[in-house]
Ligand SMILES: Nc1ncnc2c1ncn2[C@@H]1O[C@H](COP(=O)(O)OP(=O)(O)OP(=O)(O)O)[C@@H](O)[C@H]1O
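What follows is a single chain, given as structure tokens, in the form predicted on its own.
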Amino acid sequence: MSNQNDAGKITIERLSVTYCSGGRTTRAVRGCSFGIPKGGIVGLVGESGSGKTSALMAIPGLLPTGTLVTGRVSCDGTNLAELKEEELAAWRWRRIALVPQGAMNSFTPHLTIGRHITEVLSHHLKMPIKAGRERAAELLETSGLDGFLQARYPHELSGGQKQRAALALALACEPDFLLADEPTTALDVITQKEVLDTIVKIVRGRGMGLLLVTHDLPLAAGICDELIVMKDGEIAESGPARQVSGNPQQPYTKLLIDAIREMDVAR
């Protein structure tokens, strides 16, 4: 069922995520509601274990089998939970794409970078192999890499190059929304900035919506339009980025900002 009021954005309403394993349950997300408008950048921030990655992965339906998800996740008014797996798989590439934490999670080691991209283009867009190779080179260049790197295998690229290649792969079907889960993990500070600058430039230039998951609130504040601070699976605070970072209302948000700043000084 479609809701016209949700057109042009991803809407999350009363989302709860509970992991079930070995007879034990862990509630990772507790009744969270927020939106990701097309053309906007939203930061989901919090320390490890706060539930931010679980909330992100619930959007494209990529949580482990057996996970209990309640609430509503919709895109342009379409409830994604009502889609069949085949339909949802198409949405994951054509409408909503993921840049996962750790670029190696995007790649199969024995396939070249170009093969990964051309297979996505062939499967989802029915693009011929030759045109796919040309498109793969364009996508890599858009992401800040030389097109010839499509002939390389994942292990032949540096961490920063792999993350850019993962971005190129996510952009293959020209999605409307990008979900980035700690996209600069394990990268040096300079490479982190370069990769994030590239993501923001592409998202802004194409009018895409971006959900950026990160533990670094000050960094997110310099990139995002809106910040959502998570703690113990719940939203502790949310609002315009400058307001949340410059005048936090919750003690947890203040502690999170101070902790990151202390880490930066220690470096």
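Quick note: we count residues from 1 along the sequence shown, nothing fancier. In this text the structure is predicted, and so the values were computed from the model without any measurement.
There is another form of the same protein, the form predicted in complex with this ligand; it is not shown, and what comes next is about it.
Looking at 52-60, 198-206, 32-40, 216-224, which lies within 4.5 angstroms of this ligand in the model of the complex, counting heavy atoms? The contacting stretch is 52-60.
Listed residue (101, 142, 192, 78) with a non-hydrogen atom within 4.5 angstroms of this ligand in the model of the complex: Result of the distance check: 101.
Taking the shortest heavy atom distance, is residue 252 within 4.5 Å of this ligand in the model of the complex? It does not: once this ligand is placed as it appears in the model of the complex, residue 252 has no heavy atom within 4.5 Å of it.
Taking heavy atoms only, is residue 210 within 4.5 angstroms of this ligand in the model of the complex? No, residue 210 sits far enough from this ligand in the model of the complex that none of its heavy atoms falls within 4.5 Å.
Using a 4.5 angstroms cut-off on non-hydrogen atoms, would residue 47 count as touching this ligand in the model of the complex? Looking in the model of the complex, residue contacts with this ligand include residue 47, since a heavy atom lies within 4.5 Å.
Is residue 70 close enough to this ligand in the model of the complex to count, meaning some heavy atom within 4.5 Å? So residue 70 does not count as contacting this ligand.
Any residue of 182-198 that, in the model of the complex, places a heavy atom within 4.5 Å of this ligand: Counting only heavy atoms within 4.5 Å of this ligand in the model of the complex, the single contacting residue of 182-198 is 182.
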